[in-house]
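One chain comes next, on its own, written out as structure tokens in the form predicted alone.
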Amino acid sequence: MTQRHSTRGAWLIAAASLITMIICVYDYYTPETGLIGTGGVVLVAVAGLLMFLASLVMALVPNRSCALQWFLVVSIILDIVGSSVAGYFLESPVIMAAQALALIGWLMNVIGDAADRSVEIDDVED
């Protein structure tokens, strides 16, 4: 059964994942960063791509099943945590800042979904 879920914050997550991918490509090809050709940067870029795809599903498919919503919410937060830690170890403050931006978007989505459910419950009780 599909329900309407919040799309709040999904575009913020998409923007943060795009920033992450762009910075990873820059770090991979720029010798001054000291990260040229490293696998860690490739891993974070792939994680950013997966987060971007998940945020697009979250933004463009508001009527989704609860199982899909749960999967998206959990996978995005795991991606945010993992990419933040990787950004810390890669000594890339821009990646960590982008993940903080993604976390804000994730919180907007989760809190917005709970607020929407609260309004629906209040409407039924009246």
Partner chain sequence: MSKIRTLALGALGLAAAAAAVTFLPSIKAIAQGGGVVASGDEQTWDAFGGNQQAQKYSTATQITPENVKNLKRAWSIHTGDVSSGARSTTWGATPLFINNTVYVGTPWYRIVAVEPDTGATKWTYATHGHEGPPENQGLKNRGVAYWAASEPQAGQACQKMVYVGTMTGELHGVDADTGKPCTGFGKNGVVDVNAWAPKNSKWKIGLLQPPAVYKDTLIMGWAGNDWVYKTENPGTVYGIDARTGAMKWTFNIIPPDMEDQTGTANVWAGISVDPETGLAFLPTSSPSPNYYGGDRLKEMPYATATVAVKAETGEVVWSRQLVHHDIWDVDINSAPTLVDIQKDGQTIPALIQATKMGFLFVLNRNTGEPVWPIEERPYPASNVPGEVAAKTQPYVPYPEPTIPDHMPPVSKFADIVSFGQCSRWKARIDDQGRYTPPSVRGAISWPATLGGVEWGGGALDPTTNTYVVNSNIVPQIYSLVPRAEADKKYGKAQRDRDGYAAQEGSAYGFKLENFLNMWGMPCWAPPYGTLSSYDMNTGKLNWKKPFGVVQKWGFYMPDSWGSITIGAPAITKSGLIFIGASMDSRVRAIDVKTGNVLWKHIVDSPAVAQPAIYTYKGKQYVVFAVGGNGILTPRLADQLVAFSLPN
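Bear in mind that the values here come from a model prediction, so they are computed numbers and not experimental data. Residue numbers count along the first chain shown, from 1.
Below, we turn to the form predicted in complex with the partner chain, even though it does not appear here.
- The partner chain is not drawn, but in the predicted complex it has no heavy atom within 4.5 Å of Ala97.
- In the predicted complex, none of the heavy atoms of Leu101 sits within 4.5 Å of a heavy atom of the partner chain.
- Proximity of Gly40 to the partner chain in the predicted complex falls within the 4.5 Å heavy atom cutoff.
- Taking the partner from the other structure, the partner chain in the predicted complex has no heavy atom within 4.5 Å of any heavy atom of Tyr26.
- Of all the residues from 72-90, those having a non-hydrogen atom no more than 4.5 Å from the partner chain in the predicted complex are Ser75, Ile76, Leu78, Asp79, Val81, Gly82, Val85, Ala86, Tyr88, Phe89, Leu90.
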